[in-house]
Structures are given as C-alpha cells and as structure tokens.
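The chain below stands alone and is given in structure tokens; this is the form predicted on its own.
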C-alpha cells in the first residue's frame, strides 16, 4: 500500500472539488471550510517534500502535523484523526492495522469533539468507515477490499448527513437551514477513503 500516493490523490481531489465543500459550508456554516482544507493540504505537500517519508507512519505523521497547524475547528480534529493512523500503521499496512488505526482515530475525534453518529459531522463518515474496516479485517479481507468497503461505508455515512439536523459544529447554529446540506467534513472523509481505492 503506497500511502504517499493515497495522500497525493486525496489532495488532488480536494484541488478539483474543494469549491463544492466551500459551497456546502457556506450554506450551513461560515464558508471557509474548503479554503482551510486546501491550506492544510498545501502544508501536507510541503511536509512530504521536506520530510521524504518512507513508511506509512511517517507519511501520516507529515499529514497530521500539517492539519494540526491549520485554522478552523476541523483542522485540529483531522490532525488528531490522522495522528492515530500514523501511530497505528507504523511500517505495516494491512486490513488489521487499518482497522485498528481507524477505530482509535474515530474514537479520538468523538472524545475531543463530543460528536456522535447522527450529529451531522465528520464522525458520521468516520465511524462507519472504521466499522467496515474492522469487519473486513475480521474475515481476513485484503487491504484493497477493506478500503473499498470503508469508502462505500464512508460515502453512505456522508450522504446520510443531508437529511439530519445538526447537533454539533457550526451547522448546529443555523438549525433547520442546515437540513438538506451534506456535511462537508463527512464528505471529506468519504473522499479520503475513495482516494485510497484509485
């Protein structure tokens, strides 16, 4: 599993589709989400170029450090999420290590952000993706299969946020105006896992 290529594909998706995230955040937040995300990924690219990471853990450490030094609420939460991938993957990428890392990562974000599934946040995609990875690992699936199932689960979780009334995050400030809007953080998580399957 070439995790550096995975991250580079993810960054390319945000380059191409970041405006969609900004528009979703404009409708249900403060409209700066896509800008902050592109800023974080510019730092990711700089870190990867400077550090030249060789292992999955080193790649995700570079990603985590970039997000932790980015503004907004979601930047630090994504930074902590990626940090758990860095700690959990190390040198080895398998369905099992991905499942353990994703499980620790979503638990960390839930603990720090106070959000649960159904609150219309990034957690709505993180949790089903982690569950899909765990289920794939338990039955002995390979990495490619596990990531495809995680991507499908994250996408379904992100799409589910469209019908929800937000209970956490900036979308919770606008009440019913946010209903009908997909959460941009959850969609980002879905695109992250989708980028792993290309």
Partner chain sequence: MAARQLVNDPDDFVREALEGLQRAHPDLVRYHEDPAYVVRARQADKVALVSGGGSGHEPLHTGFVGSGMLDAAVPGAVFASPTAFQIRAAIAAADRGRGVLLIVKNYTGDVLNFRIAAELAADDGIETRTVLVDDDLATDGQEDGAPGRRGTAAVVAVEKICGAAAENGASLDELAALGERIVSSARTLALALEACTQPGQDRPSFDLPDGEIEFGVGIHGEHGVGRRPYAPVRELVGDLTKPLVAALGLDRGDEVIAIVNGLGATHGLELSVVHRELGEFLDGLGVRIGRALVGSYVTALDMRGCSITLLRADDELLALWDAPVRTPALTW
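All values derive from a computational prediction rather than experimental measurement. Numbering follows the first chain given and starts at 1.
There is also a form predicted in complex with its partner chain; it is not shown, and the following applies to it.
- Taken together, the three residues 139, 145 and 198 all stay farther than 4.5 Å from its partner chain in the predicted bound form, as judged by their closest heavy atom.
- Per the 4.5 Å heavy atom criterion, its partner chain in the predicted bound form is contacted by stretch 64 to 72, the sole one of 48 to 56, 28 to 36, 148 to 156, 64 to 72.
- In the predicted bound form, residue 100 stays away from its partner chain, with no heavy atom inside 4.5 Å.
- Contact check for residue 77: a non-hydrogen atom falls within 4.5 Å of its partner chain in the predicted bound form.
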